[in-house]
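Shown next as structure tokens: one chain only, the form predicted alone.
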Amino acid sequence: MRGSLRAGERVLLVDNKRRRHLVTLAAGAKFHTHAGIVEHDQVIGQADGASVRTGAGARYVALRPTLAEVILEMPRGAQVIYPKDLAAIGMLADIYPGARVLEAGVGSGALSMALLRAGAQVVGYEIRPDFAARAEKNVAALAGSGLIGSSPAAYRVEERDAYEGIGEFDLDRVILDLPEPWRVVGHAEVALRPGGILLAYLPSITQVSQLREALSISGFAMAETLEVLQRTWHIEGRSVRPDHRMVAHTGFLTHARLLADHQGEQGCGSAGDGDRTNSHPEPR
């Protein structure tokens, strides 16, 4: 979105210590801080990146948030998937405009936002009504701010248990953020088109092991598991070093592809198995 900041859209107010506050602008409203009050009317009409001051003289920068910033700052009930993992999911699951995606376990809607931003059509399954309502509200707020261009028809959340089955067919992708994704593997075989991708996000390696075992005796092939680590650097003059803190382990990403022939080649080419015919060559 371009142009001046407008009433109704979300902005980040960032102070001199880089603390971020996600605010929805409204005419006549006020944002109260420890350093004074920011009048929304001071921000409305300003350029993206403009500086405003509280009544006490404290300076804030008003910015349109990126998707990553919205996800980290938005109201949530469940722990969100970190942006570093969302980016990897988009590539590993090969999300593209028009892709038909089932997302089981929508949580607060962070993954839904990333999928919709990439142009996918998303059906979400969530067993908790409060999480389903929160996800829909967060996605609607993002759509209203112009950060995703999807129409309302591109997103639907159902209060439904994926362990009991999948009511969609000819899906391009199935993405699971569930404690026991191995219970969905059989359902995903039926719901996905040949060549479709299943991806699961899991916090523990014991869960991954059980999922990989289920995939090895299924119609899925080329299974691979990885994690993404993010380390920033401190750069100030000649002081150049890695930061002391990093976003390390958050979850494991396991992905696999559904074969057209579900018989006789089950589990072939799983990365890490003895047969590496379908995997990348080992580095030298």
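Quantities reported herein were computed from a predicted structural model and do not represent experimental measurements. Don't overthink the numbering: it's just position in the shown sequence, from 1.
As for the form predicted in complex with ligand SAH, it is not shown, yet the points below apply to it.
- Figure note: of the listed segments 80 to 88, 205 to 213, 166 to 174, 94 to 102, the one touching ligand SAH in the model of the complex, with heavy atoms no more than 4.5 Å away, is 80 to 88.
- Residue contact with ligand SAH in the model of the complex: Glu136 places no heavy atom within 4.5 Å of it.
- Within 4.5 Å of some heavy atom of ligand SAH in the model of the complex lies at least one heavy atom of Asp161.
- By the criterion of a heavy atom within 4.5 Å, Gly196 is excluded from the residues contacting ligand SAH in the model of the complex.
- Although the partner is absent here, Leu178 is a contact residue: one of its heavy atoms lies within 4.5 angstroms of ligand SAH in the model of the complex.
- The contact with ligand SAH in the model of the complex, taken as any heavy atom within 4.5 Å, belongs to Leu111 out of Val122, Leu111, Ala200, Ala188.
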